[in-house]
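The data below hold one chain only, encoded as C-alpha cells and taken in the form predicted on its own.
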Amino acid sequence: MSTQLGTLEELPTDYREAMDGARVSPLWPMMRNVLPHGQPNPVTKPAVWSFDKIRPLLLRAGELTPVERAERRVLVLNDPGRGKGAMQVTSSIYVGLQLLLPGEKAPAHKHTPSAARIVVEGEGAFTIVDGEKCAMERGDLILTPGGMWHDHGHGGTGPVIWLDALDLPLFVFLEGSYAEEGELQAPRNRPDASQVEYKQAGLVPSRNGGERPRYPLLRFPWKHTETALRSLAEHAGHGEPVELDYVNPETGDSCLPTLGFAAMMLRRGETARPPRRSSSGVFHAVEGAGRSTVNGESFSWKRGDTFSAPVFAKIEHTADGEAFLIRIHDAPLQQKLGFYEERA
C-alpha cells in the first residue's frame, strides 16, 4: 500500500480551477483523513466535567430562564476536540445536565433521537413516558426512546438534576432530527413496569402469543442495580470486571437501538483495565471517587462527575475506596453496522 500520496498543491492551477467549476475534488490528497491506517483518528478528546462547577451554573439558569422559555433547561457538555458549542461529547453521543425546580413541568414532546436520563440529585420529580409515570430517584436510568411522548414534573422540594444522554449527533448527521410538541400526559394509575412486570430477573409477563412491547422496561431503579453489582462482586475474582449491561428484558438486546448502558462497580484496591473498544464512551460517577487514565491523560472524579473516552482509548480506572460508574457507549450502533471491535 502506498504511503506517500499526491497533494492538491502538486496539481496544476488550471486543473484545480476546472475541478472547482465541475464541483469535484481529488480523493487521494484527502485519503488518509478519512481512511487512516490501522485504526481511526478521532476528533473526540477525553475530558472530565465537574458537577461541582456545573451545578451552580444550572441553578443560576433556573433563576434566569423559566422552564416555559427553555422547554428543557439543559447545559450541554462540549467535547474539547470540537470546541465551544459542540452538541456532543463523542461523535455519536450528546450529553447534558438538566434542571427541574419544584412545581415546574417540562412540556410534553417526542423526537426522533432516543434518550436516557441518569438522576444525579434530588427527589420528587418524575418522567411520564407514553403514559407510564417513572419516579426519578438518584442513580435511576430512565429511557425515553425515539418517537415516544415524554414530559417531566416535580412535586417535591429542592432542585432535581439529571444527566441526559442522546444519540442526537447521529440524527443530526442523517438530517433526520426533529421534534413534535403535545399536551402534558395523564399518567396511568399504576406503578412503572420496574415495580410490576419486570421486578424479578428472569421473569417476564406471559403474552399468550401476543406481540411483545418494543420497550417494555423504561425505568431501571439504581437500588436494584447496586444490589446486583454487589452480588456479582462477591463472586468475581480479583481483577475481574464487575459490570452489568442494561438490556431489554424481553430480548436481551441493548435497551436502546444505538446507545448502550453498563453499570460498573470498582472495588477497593483494584485497577480496572477494560479492553480497547472501537466504541466511544461516557462515564458518570453515581457513587464514590477515583481516578481514570484515558490515553495517558489522568482525571480525578467523584460523585456526580462525568468523563469521556474516544474510540480505541486505553483506559484504567482506580477507585479511592468503593465506587460505581455508569458507562454510556455506542457499541449497539457499531454492532448493527457490523464493525464493533475489541483489542487487548
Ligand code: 1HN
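These numbers were taken from a predicted model, which means no experiment stands behind them. Numbering starts at 1 and follows the sequence shown.
This protein has a second form, the form predicted together with the named molecule, left out of what is shown; the following refers to that one.
Considering only heavy atoms, tell me if residue 219 and the named molecule come within 4.5 Å of each other in the predicted bound form.
No, residue 219 is distant from the partner.
Would you classify residue 121 as touching the named molecule in the predicted bound form, given a 4.5 Å non-hydrogen atom cut-off?
So residue 121 does not count as contacting the named molecule.
Within 4.5 Å, heavy atoms only: does residue 164 come near the named molecule in the predicted bound form?
Because a heavy atom of residue 164 falls inside 4.5 Å of the named molecule in the predicted bound form, the answer is yes.
So in the predicted bound form, is the named molecule close enough to residue 111 to count as touching (4.5 Å, heavy atoms)?
Residue 111 belongs to the contact set for the named molecule.
Is it true that 264, 280 and 329 each have at least one non-hydrogen atom within 4.5 Å of the named molecule in the predicted bound form?
No residue of the spot touches the named molecule in the predicted bound form.
Only one of 72, 207, 223, 188 has a non-hydrogen atom within 4.5 angstroms of the named molecule in the predicted bound form; which is it?
Here the answer is residue option 72.
Quick one: of 194, 254, 78, 98, which gets a non-hydrogen atom within 4.5 angstroms of the named molecule in the predicted bound form?
It is 98.
Have a look at 269-277, 144-152, 238-246, 256-264 and name the one stretch with heavy atoms inside 4.5 Å of the named molecule in the predicted bound form.
Single hit among the candidates: 144-152.
Residue by residue through 273-287, which ones have a non-hydrogen atom no more than 4.5 angstroms from the named molecule in the predicted bound form?
The stretch 273-287, when checked against the named molecule in the predicted bound form, contributes no residue at the 4.5 Å heavy-atom cut-off.
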